[in-house]
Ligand code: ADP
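The chain below stands alone and is given in structure tokens; this is the form predicted on its own.
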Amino acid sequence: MKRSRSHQAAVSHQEHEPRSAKKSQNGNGNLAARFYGMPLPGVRPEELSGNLIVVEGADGSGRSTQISLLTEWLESEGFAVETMGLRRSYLVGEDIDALLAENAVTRLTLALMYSTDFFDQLERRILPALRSGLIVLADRYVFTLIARAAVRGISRDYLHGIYEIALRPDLTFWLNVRPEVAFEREFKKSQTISYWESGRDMSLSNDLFQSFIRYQSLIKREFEYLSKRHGFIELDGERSIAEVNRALRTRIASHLGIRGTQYKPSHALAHLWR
């Protein structure tokens, strides 16, 4: 569990700062409001003193960069931070990587593997961190999993049923970028484009670029639907990293009761600040 300062520092911050963050996006701190559907057995709302903050967006939207910067900023403010993302569970994370590498998995099986990965992290990473008063920063959440499966023909109702016992985030940000911008950023970064992120398994086009654009356009449409349904905070992901980070810090600071939002990356992260 990642901490730059002790848990005592995080508790001390809680004692001295007014924190509206104890309420969810729905403005309700009760147990039913903390989950999308039926609550997990044995979970009490008063135990979850931490906050779950989600950053969503396509590959190339700048999510991972912002998670790194936000982690450093929050830790500099005295908060202990835990991060989570896709394929990070000890249970099935490596298995999903292997299946993706071999392109040898059905759409439904992949969706169920990802849901297993998520719920293992929920039980072993997210809930323990929230019980300890930490800030959990999620580099993608169930929304990406729902969007990916929905564009591959899996029923939205079925998918929402799977994730109804998922914890509702306190804040959900969506870094919205055009597919063309995402493609340019991804190709520039690695000189390659992911088979799955370009939707090649869906036979959308024989042309890699066109396949990526069509697939990401479908994903974007699903995010527009999910944003309306779940009240995402939409940000222009095509702005500079510093501008996006400033917008994120402003909203998060208001939520957590942090008085100032000044931040300058450390030398280790200075290369991200452009």
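Predicted model only: the values in this text are computed from it and were never measured. Numbers for residues come from their place in the sequence shown, where the first is 1.
Not on display, but discussed next: the form predicted together with the named molecule.
Should D170 be classed as touching the named molecule in the predicted complex when contacts are defined as heavy atoms within 4.5 Å? Contact check for D170: no, nothing within 4.5 Å of the named molecule in the predicted complex.
Q210: heavy atom within 4.5 Å of the named molecule in the predicted complex? No, Q210 is distant from the partner.
Is R185 close to the named molecule in the predicted complex, meaning a heavy atom pair under 4.5 Å apart or at it? Heavy-atom contact with the named molecule at 4.5 Å: present for R185.
Within 4.5 Å, heavy atoms only: does S61 come near the named molecule in the predicted complex? Result yes; S61 sits at the interface with the named molecule in the predicted complex.
Contact stretch among 122 to 130, 142 to 150, 185 to 193, 75 to 83 - heavy atom within 4.5 Å of the named molecule in the predicted complex: Of the options, only 185 to 193 has residues within 4.5 Å of the partner.
Please identify the residue among H230, K220, R214, R239 with any heavy atom within 4.5 Å of the named molecule in the predicted complex. The option sitting close enough to the partner is R239.
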